[in-house]
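Shown here is one chain on its own, the form predicted on its own, set out as structure tokens.
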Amino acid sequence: MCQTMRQETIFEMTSPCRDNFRITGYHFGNGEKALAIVGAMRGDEVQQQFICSQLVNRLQYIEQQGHITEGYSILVIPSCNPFSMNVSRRFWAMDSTDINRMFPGYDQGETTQRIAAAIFTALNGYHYGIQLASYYVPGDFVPHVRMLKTGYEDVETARLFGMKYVTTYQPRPFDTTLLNYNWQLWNTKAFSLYSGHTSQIDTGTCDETIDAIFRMMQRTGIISPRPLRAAYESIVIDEASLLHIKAPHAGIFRRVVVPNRRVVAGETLANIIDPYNGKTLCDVKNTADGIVFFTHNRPLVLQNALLFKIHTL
């Protein structure tokens, strides 16, 4: 007989004004802890939560059809911070702390430390881990797999997602409290997937990310093969090699190019407009041939703010 999805409360806390704060996990399959997937850790990660909701929906169907490999189990946690999402705050609504900077957590500590501890306990012991993360600066970017260089990173498995880019970067001291970093230290092959957007739903990059996750599950034997879009032969890059282009002036930002666009040296990437008289303060120029990896997407920009990252060719 096929297994059916099991729902579990990972963490619960009473609230004086609203319904209880709950983090809910969804289990599929049975046996060895094969894969755990975590969605929105922050209150503006709408795209990440939407992708997880679609994964839960599709995994229910796959499980009912008997296509999860016998002896493997999958856990999906769509949201770790519903309170902040309810009030449109990126970080914890009470004190603006970041749950994703609290791992591995402390079950006797502050609220976000206790939340992180409960999440990490639920995630511990899985062979593979995927976090649907948001980029550290506001903007749009090419969907990709990202890994911290801990000495335990697994580039070859990251290629199995079939996304265009696999990026690595050297962790800074404050990165040691991230979920990805601690997952790797606790013997989980951890990958952060960046799905192109954060606070808005983009069905195109959403579908691309879901296909990547199912492709990885197929290639590692967690589920039976299924029809999916064509995969990329992933390009592995160190993020330190990306060309950074910053704003020469503050003003209104008018973007000309979008992520994944091929650009040449000297091409105009954006205009910065004077907010009072409407004149163009400057054209932001590209300085090397390459592909746009990241773009700022807010209507206003400060001087020296990061506007573009270019993967140079």
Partner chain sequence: MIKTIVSTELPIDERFRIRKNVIQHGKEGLRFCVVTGTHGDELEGQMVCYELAHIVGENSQKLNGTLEIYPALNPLGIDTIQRGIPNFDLDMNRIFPGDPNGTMAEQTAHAIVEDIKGADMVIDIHSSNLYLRETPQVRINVQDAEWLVPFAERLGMDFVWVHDAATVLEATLAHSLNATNTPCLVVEMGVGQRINHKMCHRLVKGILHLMQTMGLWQGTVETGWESSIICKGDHVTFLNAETSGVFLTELKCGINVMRGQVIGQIVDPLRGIVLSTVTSPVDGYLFTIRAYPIVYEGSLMARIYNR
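Residue numbers count along the first chain shown, from 1. A quick note: this is a predicted structure, and the numbers were derived from the prediction, not measured.
What follows is about the form predicted in complex with its partner chain, which we do not show.
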Heavy atom within 4.5 Å of its partner chain in the model of the complex, from candidates 275, 31, 266, 66, belongs to 275
Going by heavy atom distances of 4.5 angstroms or less, which of 250, 256, 62, 56 would be at the interface with its partner chain in the model of the complex? 250
Heavy atoms within 4.5 Å of its partner chain in the model of the complex: which stretch among 150 to 158, 219 to 227, 84 to 92, 70 to 78? 84 to 92
Closest heavy atom of residue 137 to its partner chain in the model of the complex, within 4.5 Å or not? yes
Distance check, residue 22 to its partner chain in the model of the complex, heavy atom within 4.5 Å: no
Its partner chain contact in the model of the complex: residue 146, any heavy atom under 4.5 Å: no
At the 4.5 Å heavy atom threshold, is residue 244 in contact with its partner chain in the model of the complex? yes
Could you list which residues of 283 to 308 come within 4.5 Å of its partner chain in the model of the complex, counting heavy atoms only? 298, 300, 301, 302, 303, 304
